[in-house]
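In the structure tokens that follow, a single protein chain appears in two forms: structure 1, then structure 2.
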Structure 1
Amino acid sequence: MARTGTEELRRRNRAALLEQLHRHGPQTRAELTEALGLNRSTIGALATDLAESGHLQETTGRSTGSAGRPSTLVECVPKAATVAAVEIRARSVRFALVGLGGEVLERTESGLDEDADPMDAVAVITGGTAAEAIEAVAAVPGLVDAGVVAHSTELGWAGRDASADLEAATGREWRVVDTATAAAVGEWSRGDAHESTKLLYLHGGRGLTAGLVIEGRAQRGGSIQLGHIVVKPGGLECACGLLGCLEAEMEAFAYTEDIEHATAAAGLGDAAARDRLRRAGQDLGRALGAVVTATGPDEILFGGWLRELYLSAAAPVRSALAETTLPHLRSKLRLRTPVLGEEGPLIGAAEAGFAAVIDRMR
């Protein structure tokens, strides 16, 4: 149970102030007073508090054009708290060091040999910076449960304790999240999906997963294994052992290039390519229908190579969705593509780290 006393109140307010600045960027003390509903004097005390601890920086106010004394601007000091984020993929490992406030301070990508262990690549790519960071978060494409990757089509893992293995390889603790949920968090917090109250992010890598963010919070229990929704009972055998999984039925498409080739061919009048795209869109739409009925999102983002598929086959996706969901669920559903692109998972993973940091302050 949480510690109590009046100090708790102070901690809560300090954390709330820092969170406000981290999420909404630099603000004046006057704006903070409004946003947090606290008194001017209290905001002043909190701000100097956090400035002394090095988390914030106060710059003397510039005139806003309107009357009155200009308010001092308060902003996060990025290097005051950094989070190391990595995204593990089948053939590469990506790394970003993100500072408080959301600024990306470093960024690297490293290819991966077929037989190399990604954990070693993480150790190399993060180098010394992982130790400096206050939190380290790894995004893994698949079903993650308490640091353990229960299932990952892309990496071929089942039951691998990624948290422990990363710690062994790098010498520090890691938080493990799934790529789709991370990307959903990223698009919600730093993309343009902030209005969504139930955001479903579809991640197309070697496997298909989805992440759900409800009112800005990652859905407990991790990602949705979109690729293992059964769209055709008794259909093609999937690597997971089930029959008729979406992933198995759509196997013809597994990478962005496949879609690009097919789109180009379809544009040149290749009827077979057009048909492949149409059927893939239809399969996706059907699986999506079940997920939409079960979760009721108000926004869906097509990420990874699903972005290309959606852009090439929006019509079949939409019509299959229309055939498998109730009108009311469709009526407030927006289908879009993400704005952070390949950065989404890294940014979202970092946000998961910052959320932990701020929670710990309370």
Structure 2
Amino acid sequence: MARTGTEELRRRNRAALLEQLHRHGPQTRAELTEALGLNRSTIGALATDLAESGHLQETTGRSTGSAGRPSTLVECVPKAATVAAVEIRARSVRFALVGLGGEVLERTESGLDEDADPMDAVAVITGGTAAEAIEAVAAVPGLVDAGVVAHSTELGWAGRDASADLEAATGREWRVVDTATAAAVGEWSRGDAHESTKLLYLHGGRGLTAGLVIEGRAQRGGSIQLGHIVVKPGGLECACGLLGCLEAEMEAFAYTEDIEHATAAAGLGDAAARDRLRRAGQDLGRALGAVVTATGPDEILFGGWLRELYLSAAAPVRSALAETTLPHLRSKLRLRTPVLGEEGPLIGAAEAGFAAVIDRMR
């Protein structure tokens, strides 16, 4: 029994060491000792073990600044474990093969014809590369649960088993996450949101979605159809059939095409454009009030075209949010824009795959 416990602890420590290097890059054994709270001999044994399995290597690293030799760094071997990541959009599919440590080994993007099936495009641009990857993850805009896209305004899907369709197209299993959740994982892992416990990412595309991650991990039930929260009962008819949805009230589809024009016009003093942005900001803030009350995030990021809207209408967004949220929930809340920009979803899809890889090692 003790032997089993010792082996389990060793597995967990191996996974923790690999995760530390994957996320934070090359480090000395002394830095790893401090970061993981393990003694030097344990770190040495784990590093040797992972080097023998091909996951890590030691290299001559940075100078100490003295006359002594440069320190030896422990680092990931990118090709030891790769993840195939794709982001499916209305008019394009983007692909990246990412190696351990976050190094992008391959990168491709393909446009889509209006009536094209994105699954066929995924099969073409990933080629045999996806089959060789240890994990494959797709980011899809919409409400996603267990690989099924329950609703996607952007893609026009309802109840599509994207995971099964991707497997049929490529011959391998795929994890499927919504675009907003993938972007949240990316910002937490490779951006500057790693101090957030509950991170809410809002994505503006042809539809409006949100994704909630807890300590950087995607959660089942964390995919949120932000655009179909009713902000004005009995209001404008939405494409989904409901009345007064956020997407309908703030004319979300139109913003996909002309957000830059609208913000530029407002900046030049166009009263109509300013009023349109103000009303859109208020509607967004009201919808956020419901999401914040339900989920209690400590940080919200505005991605996609919602970034431009927030930068132009932060005051009405914050004001409407304050009117619809309890004080103790908004007192700890930070609102800002993401640092990874359009790269967030693809990076996050890869990181979701690596999280699964490392979890299997524990």
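This one's a predicted model, so the numbers in the text were calculated from it and none came from an experiment. In this text, rigid core is short for the largest set of C-alphas that superpose within 1.5 Å between two forms. Every residue number counts along structure 1's sequence, beginning with 1.
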**Complete:** The chain seen in the form predicted in complex with a further copy of the same chain is the one numbered 1
**Request:** Once the core is aligned, please say if the CA of residue 54 is shifted by at least 2 angstroms between structures 1 and 2.
**Result:** no
**Asked** Under a superposition restricted to the rigid core, does residue 233 display a Cα displacement of 2 angstroms or more between structures 1 and 2?
**Response** no
**Request:** Answer yes if the Cα of residue 159 shifts by 2 angstroms or more between structures 1 and 2 on a rigid-core superposition, and no otherwise.
**Result:** no
**Prompt:** Rigid-core fit: what Cα movement does residue 38 have between structures 1 and 2, in Å to one decimal?
**Reply:** 2.6
